[in-house]
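Single chain ahead, by itself, as structure tokens, in the form predicted alone.
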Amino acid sequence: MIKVLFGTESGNSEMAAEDIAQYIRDSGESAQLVPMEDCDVSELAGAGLAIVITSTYGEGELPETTQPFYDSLAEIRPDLSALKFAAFGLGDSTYETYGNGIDVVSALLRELGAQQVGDTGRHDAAKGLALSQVAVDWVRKYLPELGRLAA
């Protein structure tokens, strides 16, 4: 089972998470969508494999539903050495803080022992490409490796 965690301000990360989870399911793997604000971080290491998706809000802040997840991780500081994760961020490269949200969350996950799989995927709203297509193209690239890790 691949947990697909998402944090969002306006709903775009949730849409990307849904597209990624559906692609995973269509490819024969199991995926569970989990809003970050509903994630019990003390149980996160037991997930084994997660895809973490978040946007960057405002001038580089974490979105409303990502912030509680991040704060819980920072406070509880669970041992995530058994967790592997892939990361996908949404942002706008016309801002100096482009991609800050996923970079901040990924850094904390790694600090807590989690191992990142693959390169961080990014959707740049300034490029005008469809979010769904960018998200699916990214997960397609890593799905064979993710499927092996989830097994």
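Everything quoted here is computed from the prediction, not taken from an experiment. All residue numbers are counted from 1 along the displayed sequence.
There is another form of the same protein, the form predicted in complex with a small molecule; it is not shown, and what comes next is about it.
None of G60, P68, G48, G118 but one reaches within 4.5 angstroms of the small molecule in the predicted bound form through a heavy atom, and that residue is G60. With the partner left out here, the small molecule still marks one of 39-47, 78-86, 108-116, 94-102 in the predicted bound form; by a 4.5 Å heavy atom cut-off that stretch is 94-102. A residue is said to contact a partner when one of its heavy atoms sits within 4.5 Å of a partner heavy atom; L90 meets this definition for the small molecule in the predicted bound form. Proximity of D19 to the small molecule in the predicted bound form falls outside the 4.5 Å heavy atom cutoff. Interface membership of Q133, defined by any non-hydrogen atom within 4.5 Å of the small molecule in the predicted bound form, is ruled out.
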